[in-house]
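To begin, one chain is listed below as structure tokens, in the form predicted alone.
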């Protein structure tokens, strides 16, 4: 099958680059999103996210007629689902967050009416184990006239009308365009034939290996990769708290320890953010709470780090007022540098820097500035924070909180006295 037309459901940080890449390699691509602003922006040949080199690819694909965005799915030969997988609301802060598959279910409901015999459906959304099978069940319920693949040997139907697989994205924000092409892909079909079809599709542009496994292992692979990173970051974050207590420079300590040929300690920070590392480990913990002890502990360590930073700011404000007794708390300005969840992107999802800045604004009587060179305005939901330029913050703030090591900040010399540097660059 040649997969002449490909539909991508969800045109966010993963869906749009994926759609653009297929279009760049000559496929007709229909992008689907419920966000009308995103649809309109893409159809103008522009992008609504920040990702290096993506704007030129989208512009060219739209101009050639290979890429269009719509709000309602249309018939295609392959459907890639790249929608969010958030958490269900929790009643108690001690509860284990559980994944919410409502957006995957909504995507299934959207594409079901236009499915036809021979189509391929791939779930790219990071998902808990069993989500691909759940997707199949939702589609099968909506389209009783079609047959769907089952992994159970007694029910397996290699000749099913619809082919379904899970293929998690494994790209780094800021490098998505390159990594989509170069990185290996894990392909987990519900049957061997499903996997074969998925490999055929991704080989349109993927230069890395397409490694075949089953759907459950593919789901767990992505969760494992990010949980491993989370555990490693938790070690670095816990080490930074210990070093602060013992009056040791954690950056120097890690540099010395990493001179050992078999040691590679990561750098600490204000917490862990983003739509993967801060989220995926909970999918494992929710599924196997009794067994995932280390993974659960790492999550708690990293989730607690933002409050530790806020407490350091409280202490800095108190110390500043002792040195400047003629001032009140309302006259003390705190500047927070960086709001994104990692350096040099505009993505605020699950960002500890944003959480810290909001918590400072909520507890502090004075002004709270935010310096984020990758966004032009703050989302409407964010209150009591003033977005300012770097130079303005340097000249007008009393306390400076380094949260994200953007290039713009690394190249800046900070002469201020009251600095809380969670990234070790000042």
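Residue numbers count along the first chain shown, from 1. Small disclaimer: the values here were computed from a predicted structure and weren't measured.
In what follows, reference is made to the form predicted together with a small molecule, a form of this protein that is not presented.
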Quick check for you: of 252-260, 192-200, 271-279, 113-121, which stretch puts a non-hydrogen atom within 4.5 Å of the small molecule in the predicted bound form? 271-279
Is it true that 364, 393 and 420, all three, sit within 4.5 Å of the small molecule in the predicted bound form, judged by heavy atoms? no
Would residue 266 show up as a contact with the small molecule in the predicted bound form if we use heavy atoms at 4.5 Å? yes
So in the predicted bound form, is the small molecule close enough to residue 225 to count as touching (4.5 Å, heavy atoms)? yes
Give a yes/no on whether residue 344 approaches the small molecule to within 4.5 Å in the predicted bound form, heavy atoms considered. no
Taking the shortest heavy atom distance, is residue 171 within 4.5 Å of the small molecule in the predicted bound form? yes
Go through 140, 239, 317, 233 and name the one with a heavy atom inside 4.5 Å of the small molecule in the predicted bound form. 233
Name the residue from 229, 287, 296, 216 that puts a heavy atom within 4.5 Å of the small molecule in the predicted bound form. 229
